[in-house]
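Encoded as structure tokens, the following chain is the form predicted on its own, with no partner shown.
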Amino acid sequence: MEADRELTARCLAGDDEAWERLLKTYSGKVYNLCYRFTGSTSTAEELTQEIFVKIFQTLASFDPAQGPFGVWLHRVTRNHLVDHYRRTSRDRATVSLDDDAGIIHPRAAPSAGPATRVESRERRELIQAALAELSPDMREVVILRDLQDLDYAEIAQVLGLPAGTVKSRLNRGRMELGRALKRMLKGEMPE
């Protein structure tokens, strides 16, 4: 946390090296969050760039007394994703998750064989498709907790919700995710 304070202060002072370090430190996390929400690599890349432009423009509003930089960054990212969701709500019905089906995002271990890599990619695609079936409220809590490893207090702070609501949405989201995965697996497996 102290390192983030120093890094943000250096960024505000115009230190290009600090800004580059901030980008390297957090761009992967922001991209992953964007990808989990959109299911599209190109959209996630575009949103990540937009979010870092917004971070650059609003970094002065970051107040370390209000919490860690990572929580503030998640809040800015989440708000941008909600805005994106609202802007594109009409288009969502026609967008296919198959646009990026051939791209492997987190790479399997280099020593893994082809079958392991294919299974890993198929598992990620299945989870992404199941996440897309969740309501945005439940999806964001599941992603923040289970994929971004934020704790309940951080999620509550990012979303501006009571911790009890976060826990409730997470529980319902996990149950819905499990149901969606079961439906998909039944549809894939011949009986």
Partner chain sequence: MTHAEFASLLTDYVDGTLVSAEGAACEQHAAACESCRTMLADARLAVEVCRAAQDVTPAPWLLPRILRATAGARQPSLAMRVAAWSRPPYGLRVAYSAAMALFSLSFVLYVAKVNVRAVKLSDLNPKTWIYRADRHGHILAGRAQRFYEDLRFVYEVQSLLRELGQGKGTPAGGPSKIQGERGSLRLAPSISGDGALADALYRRLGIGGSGERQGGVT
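Only a predicted model underlies this, so the values are computations on that prediction, with no experimental measurement involved. Positions refer to the first chain, counted from 1.
Another form exists, predicted in complex with the partner chain; not displayed. Remarks below refer to it.
At the 4.5 Å threshold, heavy atoms of Ala153 stay clear of the partner chain in the model of the complex, well away from it. Although the partner is absent here, Thr38 lies well away from the partner chain in the model of the complex, with no heavy atom inside 4.5 Å. Taking non-hydrogen atoms only, Phe69 never approaches the partner chain to within 4.5 angstroms in the model of the complex. Contact annotation: Pro136 falls outside 4.5 Å of the partner chain in the model of the complex, judged by heavy atom distances.
Contacts with the partner chain in the model of the complex, taken as any heavy atom within 4.5 Å, map within 46-81 to Glu46, Thr48, Gln49, Phe52, Val53, Phe56, Ala60, Phe62, Pro64.
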